[in-house]
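Presented as structure tokens, the chain that follows is alone, the form predicted alone.
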Amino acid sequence: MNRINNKFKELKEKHQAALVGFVTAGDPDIKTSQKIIKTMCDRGVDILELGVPFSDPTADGPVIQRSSTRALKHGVYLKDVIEMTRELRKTSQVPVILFSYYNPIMSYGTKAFYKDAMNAGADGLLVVDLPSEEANELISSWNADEFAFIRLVAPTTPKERMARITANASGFLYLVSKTGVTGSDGLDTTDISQHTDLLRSVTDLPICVGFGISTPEHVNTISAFADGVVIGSAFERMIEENLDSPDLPAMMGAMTAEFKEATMLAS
């Protein structure tokens, strides 16, 4: 059983939802970013999504787009993200998902990526812009029990397509809370709950909900019906607003702890 499966099993026994935290690797720079992700893992992130900087992140809102731009200006690319994962593994066993668009992986080489990411201690991959029908070339050569392939499911996805998407998924499913880009405002939790129930009818994988979740109140409400909550833009907004602060890693740690507290459910 891998780190992701172990984590969800552990959290279920504790009556907690998973706090899945996203940050762009190398933002605002590699040294500070490494401190940030270590602190987040120390303060309660259950699964870390480490974003690979990309020049055209069309699925992301302006906050995460700007984070990619900052990291790219510091020369942070996929190879550096893999090395940051290797460094994190010296101090933490928190599951790490590499979050990327397909172009950086294709440029790196799919087989080389899988080998290097596994050796560095990454636990899986989420590719934002790779449809399930075109994923076989990427995932056919790896063991899904060792390296998870996280799939996105949109709120507009019909049940029949949900079943096709989940057929080659592993680790957990990322249920997008609403249409639009990351960081956009407005959550209809009743609608999200209904989509979560529909997705559960076609899969046994854990379901984590993301997009637009930015407050502990959001986290607590969604934790009542989902297996995990994904937060990205809220973390990146904290980074952007405190780029020059030496206390930034500690601030990110405190924010992480507050969100993690909100995932804890009554027994």
Partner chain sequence: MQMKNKYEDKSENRYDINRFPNENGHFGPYGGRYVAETLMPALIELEDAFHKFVPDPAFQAEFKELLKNYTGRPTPLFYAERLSRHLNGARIYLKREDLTHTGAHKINNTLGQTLLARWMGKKKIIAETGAGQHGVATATTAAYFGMECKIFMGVEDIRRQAPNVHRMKLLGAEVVPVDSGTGTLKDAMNEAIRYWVAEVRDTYYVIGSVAGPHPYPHMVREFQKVIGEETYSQILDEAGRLPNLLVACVGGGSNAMGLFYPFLNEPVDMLGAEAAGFGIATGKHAATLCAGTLGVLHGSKSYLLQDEFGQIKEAHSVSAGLDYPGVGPEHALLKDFKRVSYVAIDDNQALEAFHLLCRKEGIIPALESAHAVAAAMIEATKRPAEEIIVVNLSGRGDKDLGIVTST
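Numbering follows the first chain given and starts at 1. Only a predicted model underlies this, so the values are computations on that prediction, with no experimental measurement involved.
The discussion below concerns the form predicted together with the partner chain, not included here.
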Partner contact check in the predicted bound form: of 89 to 97, 116 to 124, 141 to 149, 103 to 111, the stretch with a heavy atom within 4.5 Å of the partner chain is 103 to 111
Could you tell me which one of 188, 160, 197, 133 places a heavy atom within 4.5 Å of the partner chain in the predicted bound form? 133
Should residue 56 be counted as a contact of the partner chain in the predicted bound form, where contact means heavy atoms within 4.5 Å? yes
4.5 Å heavy atom contact, residue 65 to the partner chain in the predicted bound form: yes
May I ask you to check whether residue 60 falls inside a 4.5 Å heavy atom distance of the partner chain in the predicted bound form? yes
Tell me, yes or no, whether residue 83 is in contact with the partner chain in the predicted bound form, where a contact means a heavy atom of each within 4.5 Å. no
Candidate spot 129, 153 and 165, all three touching the partner chain in the predicted bound form (heavy atom, 4.5 Å): yes
Scan 222 to 259 and write down, in order along the chain, each residue with a heavy atom lying within 4.5 Å of the partner chain in the predicted bound form. none
